[in-house]
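The form predicted alone is given below as one chain in structure tokens.
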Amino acid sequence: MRPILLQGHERSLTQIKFNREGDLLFSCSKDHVMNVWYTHNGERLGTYDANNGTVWTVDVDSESQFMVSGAADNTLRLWNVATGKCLFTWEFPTAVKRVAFSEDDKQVVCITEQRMGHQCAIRVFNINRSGDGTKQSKEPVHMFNPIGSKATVCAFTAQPNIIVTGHESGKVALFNVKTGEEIDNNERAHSDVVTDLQLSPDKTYCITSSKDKSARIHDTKTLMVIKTFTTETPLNSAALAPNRPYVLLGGGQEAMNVTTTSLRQGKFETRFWHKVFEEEVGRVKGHFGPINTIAVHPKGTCYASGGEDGFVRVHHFDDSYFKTELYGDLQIED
């Protein structure tokens, strides 16, 4: 499984994202630039350049027509994927830490940072998809401030107007965006900040990773913890492999402590865990620093990881990955 090394960023990666077909990979980093790559050969298709700060987050709609990005220059931007033009900019008092499209691509949810006397806020914008996309409403349709610990990650669930959020305290919660009320929460989902949240393809469950060195799978309706994967290093990202019972975990020791440890001790590998048995089944080395973000191809044919070292590594799975006995000697009965 030889990786394709994507060298298009000068500073550490913050998020990577495949489009729905999986032929394009979007990456954003702390060097103010976003790139889009061809997945199959790692060729860079283009860059999106207009931000004046770290780009924290990126998401692309299901048609690969529009892309949204959130950055440390306190803006949420809407882009045309094909031309690289910035179509619209929303401005806020603080940095945008997470963005996500809704299932029907008609809405975008964003989290803004708690800073300088401003509370953490969650806003939902309607995206006007008609015309060239430049005519957007400046005002959010819904906006609320989550009470208590600030939100760090979020995503739309399968239920209309319900989002799932992960918080700094380790809490995972469900909010109704229309009313801003917290419908349900699990205060003890994690014991430290939630660093990533990714939904399963059918949105019935999600996986969260945390600095408390564990990743957990939650039911998105009840927030019940279904599975727990405990590692020995803080985790920055967790992803679900479609068609295979694996979860991919990435992390490593904090970047500022890295100089004091060797590569092996720093634990900068991508770990594969069995989703059902909660056992580690493999590791993939490669990054020279903590892994900040992991994404798996929607068809499960490859995965990509972005690290503190500024590289994105795309691994196309070998045949052996698809031929393994998934459950050992167990025979699955339909």
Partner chain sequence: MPGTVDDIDFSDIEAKYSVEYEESLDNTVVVDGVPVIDKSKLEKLLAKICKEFSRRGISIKPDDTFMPWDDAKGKNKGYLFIDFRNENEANAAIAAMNDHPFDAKHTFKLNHFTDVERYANMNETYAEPETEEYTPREHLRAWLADPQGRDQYVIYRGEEVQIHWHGKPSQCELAHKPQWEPFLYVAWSPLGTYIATLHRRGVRLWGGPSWKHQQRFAHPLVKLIDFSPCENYLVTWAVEPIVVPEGAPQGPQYFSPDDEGNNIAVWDIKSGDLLRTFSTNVENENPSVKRQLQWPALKWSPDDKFVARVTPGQMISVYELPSMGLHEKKSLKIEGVVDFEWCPLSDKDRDEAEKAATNGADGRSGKKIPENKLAYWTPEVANQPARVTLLSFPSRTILRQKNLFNVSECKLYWQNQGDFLCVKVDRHTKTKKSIFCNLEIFRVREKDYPVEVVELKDTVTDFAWEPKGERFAIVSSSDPNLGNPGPGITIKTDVSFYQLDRGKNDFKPLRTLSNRTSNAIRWSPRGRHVVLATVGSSSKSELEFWDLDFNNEDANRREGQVAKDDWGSSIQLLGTADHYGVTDVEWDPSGRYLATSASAWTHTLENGYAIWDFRGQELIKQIQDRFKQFLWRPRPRTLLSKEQQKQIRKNLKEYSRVFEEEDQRESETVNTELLAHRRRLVDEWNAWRARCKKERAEQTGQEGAHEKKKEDDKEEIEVWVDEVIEQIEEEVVE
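Residue numbers count along the first chain shown, from 1. For clarity, every value in this text was computed on a predicted model and none was experimentally measured.
If you look for the form predicted in complex with the partner chain, you will not find it shown, but the lines that follow are about it.
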Of the listed stretches (305 to 313, 47 to 55, 275 to 283, 34 to 42), which one has a non-hydrogen atom within 4.5 Å of the partner chain in the predicted bound form?
275 to 283
With the partner left out here, check for me: in the predicted bound form, does some heavy atom of Arg20 sit within 4.5 Å of the partner chain?
yes
Using a 4.5 Å heavy atom cut-off, state whether Pro160 contacts the partner chain in the predicted bound form.
yes
With a 4.5 Å heavy atom cut-off, would you call Ser137 a contact of the partner chain in the predicted bound form?
no
Determine whether any heavy atom of Glu103 comes within 4.5 Å of a heavy atom of the partner chain in the predicted bound form, and answer yes or no.
yes
Using heavy atoms only and a 4.5 Å cut-off, determine which of Trp90, Phe156, Tyr205, Phe144 is in contact with the partner chain in the predicted bound form.
Tyr205
Since exactly one of Lys150, Lys97, Lys221, Lys211 fits, which has a heavy atom within 4.5 Å of the partner chain in the predicted bound form?
Lys221
Of 215 to 232, which residues get within 4.5 Å of the partner chain in the predicted bound form if you count heavy atoms?
Ile217, Asp219, Lys221, Ile226, Lys227
